[in-house]
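Given next, in structure tokens, is a single chain: the form predicted alone.
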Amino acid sequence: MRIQPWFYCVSQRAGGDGSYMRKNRLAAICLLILSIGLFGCSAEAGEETIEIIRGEAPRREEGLLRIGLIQTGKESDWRDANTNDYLNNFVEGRGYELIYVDGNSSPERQVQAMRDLVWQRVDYIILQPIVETGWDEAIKEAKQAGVPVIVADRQIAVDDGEYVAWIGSDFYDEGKKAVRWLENYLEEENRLNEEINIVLLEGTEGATAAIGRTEGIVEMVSAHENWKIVESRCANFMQGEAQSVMEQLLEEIDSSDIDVIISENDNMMFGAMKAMDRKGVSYGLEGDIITISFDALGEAFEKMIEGKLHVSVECNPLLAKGVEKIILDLQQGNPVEEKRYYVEEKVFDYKNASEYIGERVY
């Protein structure tokens, strides 16, 4: 795997003569930034700034397909599983040279990554966008350069003729599955006609997963006149942020006014649970609050077995094989038959978690 060795940094004094001879301190900073795979360098030292100069394009490894992977970042355990799936699949022993780019939760960084990978003359780009918007120009540039782009996980707001295909989850359907499970559960508990107050923890604004799940949840909840989403707050799919959001929410409303918490990923639910533990709020099978989340991580299975989490709707992070199939079809000259490929997913709850936990690979 290659991590951006094709840049070097030089400093340029404002109003100076443009010489590349600069202070060692700035050079050290720049080398440090390069070592962690950033695309740009920035530092301040009086009037000095650091700029990026491209060197020669990296040498192509003989016989290997060069794949550029633009990832969102490291915001959750789901993302780690998703990243590792790519790193374990696109290896040299299987005929690939993978150039991995951590988007570090920055859409701007991802767009720059797209342009840099095109410049490097990669064979294919796998794009896992943070948000849907802002991709028009970069996608067109890749297409004009003849670099096929496969979009995975979240989607982009670009005409699908500009990229090869998209593969991922049906997030809208996931949202509906979660509320459908709640309907069945409340019916079993003879509570279907009760007043139900729901707190919704949303993912990153503008991300396909957050958009789809929210739409599915809201649509299903609105079908019940006696159900109400009393609070809806963004926690960016992050556990620590969700804990802070939930702690603040519990300062503002009484926990007795919350019947259900729906978290748009497991990690945010884990954070909300920590907040409730600190506040002495009961939840889960033995508590007063029904807990619903998404992803179906291994830790979620443990919490379902413990009775702390009622249900987790699966979001399958293992996309590498599906992406590889698209690439191999293109390599063989076969047309890509579909523009959208949905991965298989299930719903797991406290009743069946112990049955399936041994099969989980993430």
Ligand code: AHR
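Numbers for residues come from their place in the sequence shown, where the first is 1. Not measured: the values here are computed from a predicted model.
The protein also exists as the form predicted in complex with this ligand; that form is not presented, and the subsequent description refers to it.
The stretch among 263-271, 243-251, 182-190, 218-226 whose residues place heavy atoms within 4.5 Å of this ligand in the model of the complex is 263-271. Interface residue among C315, L69, A300, V323 relative to this ligand in the model of the complex, by the heavy atom within 4.5 Å criterion: C315. None of W166, Y96, W78, Y283 but one reaches within 4.5 angstroms of this ligand in the model of the complex through a heavy atom, and that residue is W78. This ligand is not shown here, but in the model of the complex it comes within 4.5 Å of a heavy atom of D153.
Using a 4.5 angstroms limit between non-hydrogen atoms, F237 touches this ligand in the model of the complex. For A142, no non-hydrogen atom is located within 4.5 Å of this ligand in the model of the complex, even though that partner is not displayed. When contacts are judged by a 4.5 Å heavy atom cut-off, F171 counts as touching this ligand in the model of the complex. Applying a 4.5 Å heavy atom cutoff to this ligand in the model of the complex picks out D295 as the lone residue from 292-306.
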